[in-house]
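We begin with a single chain expressed as structure tokens, specifically the form predicted alone.
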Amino acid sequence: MLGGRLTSFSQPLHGLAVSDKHRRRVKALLLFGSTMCILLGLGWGGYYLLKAKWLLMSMDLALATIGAIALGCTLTERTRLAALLSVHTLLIVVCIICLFDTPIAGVARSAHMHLLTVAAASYLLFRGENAYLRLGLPVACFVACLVFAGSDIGITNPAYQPPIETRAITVWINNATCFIGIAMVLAIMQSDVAARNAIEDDLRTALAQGHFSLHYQPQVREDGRVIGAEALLRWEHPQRGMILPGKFISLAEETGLIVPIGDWVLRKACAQLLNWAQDPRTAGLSLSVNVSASQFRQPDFVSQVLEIVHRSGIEPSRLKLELTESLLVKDVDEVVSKMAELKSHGVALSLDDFGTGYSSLNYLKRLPLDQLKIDQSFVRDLLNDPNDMAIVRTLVSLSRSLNLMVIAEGVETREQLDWLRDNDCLAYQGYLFSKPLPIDQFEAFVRAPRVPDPAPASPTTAVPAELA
């Protein structure tokens, strides 16, 4: 429903064309930085070659080499590698250059100014990364800059220092490139904030004006019979058209809008189940709804779900809440308590993405589950990876031992289906059967004659995670 993962390097910025624009701006920053490294390195390297300053020449050529490698990575769309290489090596090389750029009478040290640019750039580039990259590198750059700015530490032997006649020019060049680099970083950040605010406003408008809709991906048995569906959220933007959840869910999580959006999805799903209950051909269907960790952790989540279920008048067991492993990171006892209360009122519970994150067998035995869902990451390479085969066999066996229904998602080929059948996994979801459909097309799919061995959807291609 709400799912979809962002796996790009530019994770911190979510949403629509914003992430694409952010990537282009980041790429421009990397191109500018690597080009400047090449030009400065080659320019000063050539100058020091003429002056026979071999050590200084070698450092500037190292700077040019760093820039060339980073430029190559950026041009081939390996921006994360370019960023990692640039920030780490520049921190080291600039610190070494600062040791030779000791202040002299009338000319201050200036090479350390580049550390400010590296700090600002690393903060921008690594906002979605781990604490070391996100905070450690910028802090290290700032500390190094402060140390060199407030001291005359370094090599004072004139034989290893830049020529006196060029020191004043160096100050101007270093300061100018530093200010330009920082200005670019600030411009990108300002553009990101403006775009993020615009998308947040669009999300609020979409929720208020009913721009969201649900698509339904069939879940089938081994004989091809449809037994239910997973409700998948779509945003019908007035200007941008249909938007998949991978483009906006992360921002909704960060802003707290995921809670009212999730509430809307639950109400919509229950209303759909009520409609299905009026038709014998659809009365037996279940409907799976993904629940975000933020939504589940709301103090009134259980009461909200039960109020929606009871007010809609549906059979509670037809509603299946899909919970992800991220719920198990904090306060497992509270998670178990809420699940038990929902289960006691007949609401079905499924664990999605099991084995991809935090869960363990100890958690699994405590959770009052009805279903275990095999993640598509295990199904995708099932026929080529013995490890995936072993994991799926184990999950199927584990589910049977715990009296849980097991369903495999991301089934895209007949060969995958045959293997799953042969290994006692008898429920499936994936493009082999159908893509997510609007309600009218889904109901037509349910009413169509079923065949035991479905033909692949046309075309059968790898399905992006955000489609789910």
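For every residue, the number given is its place in the sequence shown, counted from 1. Predicted model only: the values in this text are computed from it and were never measured.
There is another form of this protein, the form predicted in complex with a small molecule, and it is not shown here; the text below is about that form.
Interface residue among Asn290, Ser350, Thr79, Ser86 relative to the small molecule in the predicted complex, by the heavy atom within 4.5 Å criterion: Asn290. With the partner removed from view, the residue among Arg234, Lys268, Arg134, Arg167 that has a non-hydrogen atom within 4.5 Å of the small molecule in the predicted complex turns out to be Arg234. Interface membership of Gln272, defined by any non-hydrogen atom within 4.5 Å of the small molecule in the predicted complex, is ruled out. When contacts are judged by a 4.5 Å heavy atom cut-off, Thr255 does not count as touching the small molecule in the predicted complex.
Put simply, Glu412 is close to the small molecule in the predicted complex: some heavy atom of it is within 4.5 Å. Contact annotation: Asp388 falls outside 4.5 Å of the small molecule in the predicted complex, judged by heavy atom distances. At a distance of at most 4.5 angstroms from the small molecule in the predicted complex, all three residues Gln217, Ile249 and Pro436 contribute at least one non-hydrogen atom. Residue heavy atoms within 4.5 Å of the small molecule in the predicted complex occur in exactly one stretch of 418-426, 59-67, 40-48, 404-412, and that stretch is 404-412.
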